[in-house]
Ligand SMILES: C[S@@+](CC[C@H](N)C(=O)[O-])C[C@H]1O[C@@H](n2cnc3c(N)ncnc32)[C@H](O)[C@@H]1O
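The chain below stands alone, shown as structure tokens; this is the form predicted on its own.
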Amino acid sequence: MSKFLILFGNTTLLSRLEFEATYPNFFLEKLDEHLFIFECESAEAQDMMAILGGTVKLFEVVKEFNNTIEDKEFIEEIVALLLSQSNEPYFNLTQIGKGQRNVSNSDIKDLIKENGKKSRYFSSNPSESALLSHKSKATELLSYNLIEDSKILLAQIKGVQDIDDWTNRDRNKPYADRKKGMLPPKVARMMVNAALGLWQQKNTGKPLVYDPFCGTGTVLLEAGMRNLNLYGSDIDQQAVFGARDNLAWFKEEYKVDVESKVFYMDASHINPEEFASKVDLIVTEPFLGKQTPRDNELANVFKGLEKMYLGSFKSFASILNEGAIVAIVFPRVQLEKRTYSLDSLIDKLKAKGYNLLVDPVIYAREGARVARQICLFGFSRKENNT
């Protein structure tokens, strides 16, 4: 077993939910705001970065030191590691947490020079270092001081989020509607993974995923990246055509062979005849109302949204398998003295067979008026009293 340090992005709670649903046998221990540690076999960690949407970097612990180690010896150990891998290292050392050593990249470079070797180091800026680690043979090191255990962990980059690949699906697909297709692909992937992971804990085989508010098809593309069979629908005919085009582009671009069907439909009046079989996963972001609603409009906006959501959930029951998972975005607006949300809907849904599986997770872009509240429900027809 090896130790790994995993660095989540800004959506730490959602990233953690995604990881723990996808890898339920790995125990995550929090070290810092975005940094966690876990143990697994190296082979099991190999494909994590290609699967997870909320993970920026994955490091494997390569050395452990007593935290009484002198700074000079610490530098010597780092230099020995770098020179064992390259005659001309291109590197960066990042220290996270308390008790950081008085060690800089310049110190490391100077000692490498004393050893008669050339080296370069790169920026510690998270986005820049992620790009460099992905695109070059750069060696990124991370150290963390486990003060309670009197240890310093030195970890080396194992995997980096493929920035180009995410950008490709986000910006290069043929159809886009920035007014409707606003769900970020990484958030869509995290929702897909969380729902899929929870479903796989009790089921086997390949589930059928359905997005009843598919828009440009962001959820469908990310579910396709997990090799799932796909159904999508929307009440906007133009979105239906666009999502079909995007799926055709996706299958050709990524050489993915998955079953898919996108059709026109009102989510509150689903026709089961459109489906070849029952649905195992619903992953979706419905219409959340105006992006910048006025304060005096919010009460009526949320009243209308609750009616739409409730109607949709009632309709979902006609096409869901027993034990299906629903990952869905609820809107939430936080004012100075009042919060507008659909929390009251959760109790109503329980009476219809939808049980909240985990605490809702809030995701909000900086400056956005309407936040996303991501909820995961398990469906039981036996508990459906309608």
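Bear in mind that the values here come from a model prediction, so they are computed numbers and not experimental data. Note that residue numbering follows the sequence shown and begins at 1.
What comes next is about the form predicted in complex with the ligand, which does not appear here.
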Testing 152-160, 213-221, 100-108, 294-302 against the ligand in the predicted bound form with a 4.5 Å heavy atom criterion leaves exactly one stretch, namely 213-221
Quick one: in the predicted bound form, does every one of Glu20, Glu39 and Met48 get a heavy atom within 4.5 Å of the ligand?
no
Pick from Glu77, Asp266, Asp165, Glu259: which has a non-hydrogen atom within 4.5 Å of the ligand in the predicted bound form?
Asp266
Heavy atom within 4.5 Å of the ligand in the predicted bound form - the one residue of Leu83, Ala248, Leu146, Met308 that qualifies:
Met308
So, Ile96 and the ligand: in the predicted bound form, are they within 4.5 Å at any heavy atom pair?
no
Given that the partner is absent here, does Gly197 sit within 4.5 Å of the ligand in the predicted bound form, heavy atoms only?
no
If you check in the predicted bound form, is Pro207 within 4.5 Å of the ligand, heavy atoms only?
no
Does the ligand come within 4.5 Å of any heavy atom of Phe241 in the predicted bound form?
no
Within 4.5 Å of the ligand in the predicted bound form: residues from 276-301 (heavy atom criterion)
Glu285, Pro286, Phe287
